[in-house]
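Below sits a lone chain in C-alpha cells, taken as the form predicted on its own.
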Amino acid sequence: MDLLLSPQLLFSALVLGSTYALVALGLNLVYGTMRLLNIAHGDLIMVGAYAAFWFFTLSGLSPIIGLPLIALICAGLGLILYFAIFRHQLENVHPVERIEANSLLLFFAVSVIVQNVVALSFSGSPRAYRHLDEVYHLLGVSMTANRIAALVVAVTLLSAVVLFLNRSHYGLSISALIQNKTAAKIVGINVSKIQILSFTIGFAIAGVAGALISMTEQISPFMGFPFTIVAFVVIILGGLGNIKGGIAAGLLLGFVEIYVVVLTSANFRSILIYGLFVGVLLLRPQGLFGKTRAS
C-alpha cells in the first residue's frame, strides 16, 4: 500500500499520462474533424523531436523556448500534406469508410517517406542530448527539471486546447464538426476552413509532444511507431473524436502503465497497452468515455 501511495510514482504517472494525452490530442483532432486515420502521427512526433535536437545542438536553443518554432515547422508540413494529398480526398471521395481506408494507405506512404528521409539525412543511429537534467527534491519526490517542464507544458497546452474548443468561435466550430459534419454545414460553418485549421493544429501539437519527449528519451528516425500505437490506444479508450475523453484516457493509461510495471515487470508494458486496446474494442467499441458518434 505504501508503494501505491508513493509521491514518486504519482509524479511519474502524471508526467507519463500528460505526455500520452498530448501525443494523442493531435491525432484525435485530425480524426474527429476529417475521419483521417493518421498512422504517420508518430513520425510527426519524431520530426518535432529531431527539430528540438538540432536546434539545441547547433544553436543551444532550449526546446522549451523553441516550441513555437517547432510547432510552426510541423504545422507547415501539415499544410503541405493537406493541399498536396488530402484535400482532394476529403472533397471528392465518399463515403466516409472510403476516406478512412484511403487515408490509412496514404499516411502509411507518408510514414515510410518521412522515416527514410530523416534516416538518410541524419543516419539511423539513436541520438540524445542533456538539457534541464538537474534533480530537485521536494516532499520526498526526486524530479528532474526536464520532466517538470514537460509536465507543465503538457498540462498548460491541454488546458489551452480545451478552453479553445469551448470558448472560441473556431474552437466551437471544430467541436461542431467533430459531432456532426452535415449539421455543421447546415448552420453555416466553413467546413473546409475548419478542417485545414484542425489539420495544422493537430500536426503542431504532435511536434510539440516530440520536442518534450526528446528531452528525456533517445530519438531515432524509427521512434514514431510506438507513439502511434499509444495515440490510437488513447483515442480508442477515450472515444474517437472525443477530445476531453482522450485527455482523460491518456492520463488513465499513464497511471495504469506506471503502477502495473512497478507492481509486476517492465515486460508487461506491451501486453498492457495492446491488451487494453483489444479489450476496449471488444467490450466497449465507443470507448470508455465515448458516445456513439454521428457521421
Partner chain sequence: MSDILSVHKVESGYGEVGVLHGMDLQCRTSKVTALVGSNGAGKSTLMRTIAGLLPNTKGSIHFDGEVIDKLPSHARVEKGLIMVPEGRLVFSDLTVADNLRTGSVNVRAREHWQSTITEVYDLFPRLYERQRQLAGSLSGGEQQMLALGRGLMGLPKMLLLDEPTLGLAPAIAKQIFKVMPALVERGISIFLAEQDLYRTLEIADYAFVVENGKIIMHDTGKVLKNDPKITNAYLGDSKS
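Residue numbers count along the first chain shown, from 1. Since this is a predicted model, take the numbers as computed values, not measurements.
There is another form of the same protein, the form predicted in complex with its partner chain; it is not shown, and what comes next is about it.
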| item | value |
| --- | --- |
| Contacting member of L79, L72, V152, A183, with respect to its partner chain in the predicted complex [4.5 Å, heavy atom] | A183 |
| One residue of L172, A160, V96, L138 in contact with its partner chain, assessed in the predicted complex (non-hydrogen atom, 4.5 angstroms) | L172 |
| 4.5 Å heavy atom contact with its partner chain in the predicted complex for all of V47, S62 and L67 | no |
| Contact label in the predicted complex: I189 to its partner chain, heavy atom within 4.5 Å | yes |
| Partner proximity in the predicted complex: S121 to its partner chain, non-hydrogen atom cutoff 4.5 Å | no |
| Its partner chain contact in the predicted complex: I196, any heavy atom under 4.5 Å | no |
| Its partner chain contact at L90 in the predicted complex, heavy atom, 4.5 Å | no |
